[in-house]
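Take a look at this single chain, the form predicted alone, given in structure tokens.
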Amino acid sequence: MNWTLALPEIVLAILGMAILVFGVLRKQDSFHLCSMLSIGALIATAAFLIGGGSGVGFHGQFSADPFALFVKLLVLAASVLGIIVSLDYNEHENLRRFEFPVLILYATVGMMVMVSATNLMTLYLGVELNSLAIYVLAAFARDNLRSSEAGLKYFVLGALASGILLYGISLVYGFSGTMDFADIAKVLANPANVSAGVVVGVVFIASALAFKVSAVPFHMWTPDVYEGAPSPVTAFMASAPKVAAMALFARVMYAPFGHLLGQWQNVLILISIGSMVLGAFAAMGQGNIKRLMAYSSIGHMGYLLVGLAAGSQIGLRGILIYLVSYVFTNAGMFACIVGMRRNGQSVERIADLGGLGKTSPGMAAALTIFLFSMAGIPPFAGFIGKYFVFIAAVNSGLWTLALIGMAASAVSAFYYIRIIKVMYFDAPAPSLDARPGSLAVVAGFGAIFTTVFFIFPAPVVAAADAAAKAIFG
């Protein structure tokens, strides 16, 4: 059975349970201590991952390969950054409960299972473990009406997506006779076995995964949940779960259903175009920066789907490179958003950032770097990610998709640059409160990575290439 391949997940689950018991037994406030222990657990899990072996375990249901290693390390990094971003915010908002980092740990376990899933039921197990933890995190500020509403909306729509996923899995199993990715691929290699039922099942599965990455037309939950959830939860939701869901999306489309590229490629092209266009235009009228980031996230998922629709190893490599730039840019951006306080109150309105370039030049400079990166302006990391996914589309003959993506990216630059204009050219608003060191570290690290990545992209490109080869053989 080779259960040792899942040792990182097992270790993280056991450490999460130990931290939970510790938090329950400790009489005094244990939020900060449990957060530090959780960060240590995530780092220990990364060490187990790097030192672990590769292969297929649990009778073909779980895979440890370079693709899984690459994505899991990125997920663990995003989870660590998510916990660090939460430290000061939870203190200010009276959310100092030890369950918070534990929920992030178990969401991370679910994401790691998602990434390694090579069986439809393992896939479902990982998706649900991740989702259940995030439902609770979205409503974590239980005395706040917006947070409770965000958690409820995400739960109801997530349950619907879960049902769609299960129905798709049942169709694929019913018409192929197996749930293992490798066996499904063998069955579908023969065109005579590709029935309408299998194709419909694939469409249902793709629809459920599109919900997880908040792609159009399954994006409706994103703006309200991003705005209503506590800011550190929004920061976490916008990075780690998106990475895991997009990686799962890629493995599912390429591994068992790669022979059906002609059937699902056009569906992904439409979803990608819809996401890029909506992300570009819907964000223009937003006055709340968290809501704007929600529409920005929808647009970024559209760009990632460009690489997925390419249906090639180059496309998957582009997706992985894009995800690296996205995680660190996003973490730095949300560290700045979480750190925006005036007289102890969170600042979320874009108009309230007037004159930030004069009153807080360090934060304004970091925000400018992140906004330019998300707009895809060179030499920042976001430009590198978009370059690789658009090149993949061109190499696959999807010229129209690549051109629409570049046009959407140019349009989206408007609302990113509008924030920069507010910070540097509008009348100065009262100064923001001093930022805590933890948030300054995350924002500083994100800004440095986003800027320097252009100079040293080779290690990430090589690792992404090796990870993509693991899927395409």
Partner chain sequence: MTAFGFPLLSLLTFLPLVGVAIILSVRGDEKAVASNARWTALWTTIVVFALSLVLWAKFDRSNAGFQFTETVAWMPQVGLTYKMGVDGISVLFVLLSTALTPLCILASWESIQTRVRDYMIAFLVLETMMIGSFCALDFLVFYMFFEGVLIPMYLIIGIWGGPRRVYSAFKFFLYTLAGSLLMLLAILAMWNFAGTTDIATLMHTVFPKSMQMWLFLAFLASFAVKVPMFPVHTWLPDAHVEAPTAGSVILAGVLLKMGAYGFLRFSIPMLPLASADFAPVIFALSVVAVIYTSLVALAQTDMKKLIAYSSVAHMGVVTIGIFTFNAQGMGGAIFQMLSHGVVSAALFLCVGVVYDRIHTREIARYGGLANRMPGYALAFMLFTMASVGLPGTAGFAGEILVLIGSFKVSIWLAIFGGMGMILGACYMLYLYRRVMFGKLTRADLMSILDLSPREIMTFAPLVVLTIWMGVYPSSFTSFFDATVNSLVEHHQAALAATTKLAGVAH
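Numbering follows the first chain given and starts at 1. Since the model is a prediction, treat every value here as computed from it, not as a measurement.
Although it is not shown, the form predicted together with its partner chain is what the next lines describe.
K.L.:
If contact means a heavy atom within 4.5 Å, which one of 153-161, 293-301, 336-344, 354-362 is the stretch that engages its partner chain in the predicted bound form?
P.N.:
Single hit among the candidates: 354-362.
K.L.:
In the predicted bound form, is there a heavy atom of its partner chain that lies within 4.5 Å of any heavy atom of V394, even though the partner is absent here?
P.N.:
Result yes; V394 sits at the interface with its partner chain in the predicted bound form.
K.L.:
Any of the heavy atoms of F425 lying within 4.5 Å of its partner chain in the predicted bound form?
P.N.:
Yes, F425 lies within 4.5 Å of its partner chain in the predicted bound form.
K.L.:
So, V21 and its partner chain: in the predicted bound form, are they within 4.5 Å at any heavy atom pair?
P.N.:
Heavy-atom contact with its partner chain at 4.5 Å: absent for V21.
K.L.:
Contact with its partner chain in the predicted bound form for G174, defined as at least one heavy atom pair within 4.5 Å: yes or no?
P.N.:
Heavy-atom contact with its partner chain at 4.5 Å: absent for G174.
K.L.:
When its partner chain is placed as it is in the predicted bound form, are A13, A47 and F100 each within 4.5 Å of it, taking any non-hydrogen atom of the residue?
P.N.:
Not a single listed residue reaches its partner chain in the predicted bound form, so no.
K.L.:
Check each of I39, A413, A440, A429 and return the one that places a heavy atom within 4.5 angstroms of its partner chain in the predicted bound form.
P.N.:
By the 4.5 Å heavy-atom cutoff, the listed residue in contact is A413.
K.L.:
Here the chain is shown alone; which of I43, A434, I448, I417 has a heavy atom within 4.5 Å of its partner chain in the predicted bound form?
P.N.:
Spelling it out, the residue with a heavy atom inside the cut-off is I417.
K.L.:
Between 444-473 and its partner chain in the predicted bound form, list the residues on our side with a heavy atom within 4.5 Å.
P.N.:
F454, I455, P457, A458, V461, A462, D465 sit within 4.5 Å of the partner.
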